[in-house]
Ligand code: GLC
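First comes one chain, alone, set out as structure tokens in the form predicted alone.
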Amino acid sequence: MEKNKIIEEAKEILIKNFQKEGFTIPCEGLYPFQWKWDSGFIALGYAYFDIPKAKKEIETLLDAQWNNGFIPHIVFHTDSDTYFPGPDFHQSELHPQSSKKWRSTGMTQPPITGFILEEIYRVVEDKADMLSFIKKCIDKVYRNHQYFYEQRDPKNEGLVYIYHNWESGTDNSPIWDDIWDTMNPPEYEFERRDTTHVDASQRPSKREYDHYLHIIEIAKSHNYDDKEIAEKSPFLIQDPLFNAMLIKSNESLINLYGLIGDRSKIAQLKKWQEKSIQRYNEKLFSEKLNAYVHYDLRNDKQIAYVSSSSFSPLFAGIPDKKRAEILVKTMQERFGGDDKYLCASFDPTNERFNPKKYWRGPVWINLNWMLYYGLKEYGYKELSEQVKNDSIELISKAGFYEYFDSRKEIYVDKNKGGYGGNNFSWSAALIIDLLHN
């Protein structure tokens, strides 16, 4: 498929998935609401052809912010019976500072809004208009960062925790398997909705969902109080992807506050940034695996697996050049090869790797997008182009799917290799950006 055709198809997907309430669904049926980090990537895609929609996407998300600065991972603007668990299960109203306007979940997702605002500013022609928009919303994004450092950093070390695997964005990664082994949640009775849209072999299992629901029930029993969750949740992780996104967005907020001429918050952002980067490098890098890994706060140890999240620090400028070189070598040795597309979401050399199952192995365009820019910034031009070209080729061969098989042999037969939801919004949005670079 040639470049212009891909871009036009991508635009059509975004337009079709846009809702009258002012947000874009990730895809029809499977995901009928507004997701936090999806909205950021989607807004960047709109910036190339529909600035009002790009702004609206961000405004609608920020409109659901809680009084404590928290931004939920799903905002339930509408009613839908195609998704479980919905607002009646999550009960965001249990938290005294939750939004009185919108029902939502009581968990969040990687904080990308800060760097997305800077990326949109890079893209648009009317810089003055975009700066005016940024002035209106930047303090809300800052408050979200403030929330993380004040409420989600129990050790005051510059690294924030997630209390649910859905907060990571990498929902059913094999990284969490060892944590599930320490838990024995009840068997919940519920009707799965995702498997009516997608082959069950590509989705988390029923037993995995029992764990997911159990963690939410624990959080609900404490009214989503962060201090109580930090003490009681069996799942308490410092995630390299989540923290890299926060660090990247810190840097963007510093830049954007400078552009709009407001220096009142820059000093605090720089303090957070310095502490976060130092501790990230000290605590999350595994000398044994030569990669950044997750840290289990509940059991006070690193989780020794390599995933696409391990390379996200490149996008945030976290490693020095020497460590970046080590990281790139790890990626090439474990994830590379002439028979594979970069970059699988989990280590293909590990026995837990599954190339078809959600975050247990497939390639995701959003992680590739980050990897492209990160590698490029560190001077790995050839490798960054490979990641970009692999992303374009996957969409050209399989379509605008949610995630993709990393094995090249799969694509010999047509209509194979693309998994999850089709006409997926962030795949469309980010391929627009990649094709403009």
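Only a predicted model underlies this, so the values are computations on that prediction, with no experimental measurement involved. In this text, residue numbers run from 1 along the sequence as written.
Below, we refer to the form predicted together with alpha-D-glucopyranose (GLC), which is not included among the displayed structures.
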Heavy atom within 4.5 Å of alpha-D-glucopyranose (GLC) in the predicted complex: which of Tyr163, Phe115, Trp364, Tyr341 fits that? Just give me the one.
Trp364
With the partner omitted here, the residue among Asp177, Glu93, Asp171, Glu208 that in the predicted complex has a heavy atom within 4.5 Å of alpha-D-glucopyranose (GLC) is Asp171
is_contact(Ser276, alpha-D-glucopyranose (GLC)) in the predicted complex, heavy atom dist at most 4.5 Å:
no
With the partner left out here, check for me: in the predicted complex, does some heavy atom of Tyr48 sit within 4.5 Å of alpha-D-glucopyranose (GLC)?
no
So, Glu57 and alpha-D-glucopyranose (GLC): in the predicted complex, are they within 4.5 Å at any heavy atom pair?
no
Going by a heavy atom distance of 4.5 Å, is Asn144 a contact of alpha-D-glucopyranose (GLC) in the predicted complex?
no
Can you say which of 64 to 72, 391 to 399, 372 to 380, 27 to 35 gets within 4.5 Å of alpha-D-glucopyranose (GLC) in the predicted complex, counting heavy atoms only?
27 to 35
Along 101 to 117, which positions have a non-hydrogen atom within 4.5 Å of alpha-D-glucopyranose (GLC) in the predicted complex?
Gln109
